[in-house]
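Here's a solo chain for you in structure tokens, the form predicted alone.
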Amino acid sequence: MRVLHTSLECYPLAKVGGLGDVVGSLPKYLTALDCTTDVIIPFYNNDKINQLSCEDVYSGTLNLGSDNYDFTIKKTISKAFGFQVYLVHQEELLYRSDVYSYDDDTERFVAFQLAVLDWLLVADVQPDIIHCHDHHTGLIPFLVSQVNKYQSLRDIPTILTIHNAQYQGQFGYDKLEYIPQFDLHNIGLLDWDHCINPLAAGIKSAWRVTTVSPAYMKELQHQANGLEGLLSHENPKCVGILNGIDHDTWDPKTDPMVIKNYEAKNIVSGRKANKEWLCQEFNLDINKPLFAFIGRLVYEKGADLLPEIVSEALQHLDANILLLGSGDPVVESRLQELKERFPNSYNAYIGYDEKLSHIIYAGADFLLMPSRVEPCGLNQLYALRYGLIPIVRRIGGLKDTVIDISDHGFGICHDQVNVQDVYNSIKRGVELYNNQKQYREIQKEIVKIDHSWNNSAKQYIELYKSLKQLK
């Protein structure tokens, strides 16, 4: 069986968030289970992609209304990724330094999807399944099932995985000309709230819809940025499959980015060395418990509350807090200002640094995730893998993966996104840290939890097989 994953991100070639991690690791685990897996992404103008050795496998011209764009499908020669990678090279629209946030993102995303399908029309070997990720490739299920040009691909089952339903890629009907000819009686498949909605179109048109955790699938029927009714209606073809992590990349025993490697038997000394580096680098007190936040400084992550949380916690608790992330400029500024107020117990790195994130996982004592929305969450899984105790809100995948210590679990959980709830959880963390016997026991246990892609990949293969039988 051959599966083609279509995505705008794939670690390590292009990553903005969890989507890149998923598409960079799930295919590797599928391939290990004898499922031939290919990934296709845009050819971006970044160092990792520009340094690839590739061969051209197809050249064509795509049409966006009256505009024509030449493109090339490139195939990587290296097999180092654990799966085959293809890239769509299109000079004007796709060869950009960033993945998102351009004024012409609609044109970019549509062009990518059209290029993929134009190539598949003439490819020597067609996939048995086309697996689409988020709204950026959400039009593919519609295009395959409805557009005259792609009629020969109609019997290929399509799956849409929703990583985050908050982003849907809507655009106006003035750009309907981007969609190749189809029966206009079926235009309702594109429509949601009087505009073209790629995510809604994918939900309606895909053979199956998955989300990245079972709890998130249930939540989407009540909170999906306007798609609640659609997802409730389409529920029979929806399933939640929990994300995993790549245990080869995220392994404290072999991770080349951390200060000192370790495993369960030497976790205390290994994590101590990483914490000492962090405390020295960021002028923090090594004797205090270190609470960390890693992620985008955006509303969905509860980041708007971080300045108040930091202030409240450090006024009343004997602790350190270290933040790594970027996002809302107002939040960034407020977090920077707190450095002068709490020297020796607080610091923030505004931006993103992959190496630093690994060291934080390996050296901090608690990870803060006060999320308003968290479809799956990978940070808590990385944290558990490294012996870092997560403090999370019970939402989405966090609810599926973190059990509170009061329920014989290994994390600290709270129900609301407010300063008081998070403060109370940090206070519980300080109390746990002061009970070093219990704290060390939890650390040694959580590093043994298997959150690799092994189980999830098996579930996806069963899903693929069930769809192949329907052809």
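One-based numbering along the sequence shown. Predicted model only: the values in this text are computed from it and were never measured.
The same protein also has a form predicted together with a small molecule, omitted here; what follows describes it.
- The candidate spot formed by Tyr361, Glu374 and Gly377 lies fully in contact with the small molecule in the predicted complex, as each residue has a heavy atom within 4.5 Å of it.
- Checking 120-128, 346-354, 144-152, 192-200 against the small molecule in the predicted complex, the stretch whose residues place heavy atoms within 4.5 Å of it is 346-354.
- The closest heavy atom approach of Leu231 to the small molecule in the predicted complex falls outside 4.5 Å.
- The small molecule in the predicted complex is not approached by Lys458, whose heavy atoms all lie more than 4.5 angstroms from it.
- For the chain shown alone, Pro390 is not a contact residue for the small molecule in the predicted complex, no non-hydrogen atom being within 4.5 angstroms.
- Proximity of Ile73 to the small molecule in the predicted complex: non-hydrogen atoms within 4.5 Å are absent; the residue sits far from the partner.
- Checked against the small molecule in the predicted complex, the candidates Leu220, Val258, Ile294, Val116 yield a single residue with a heavy atom inside 4.5 Å, and that residue is Ile294.
- A heavy atom within 4.5 Å of the small molecule in the predicted complex is found for exactly one of Tyr262, Tyr178, Tyr382, Phe112: Tyr382.
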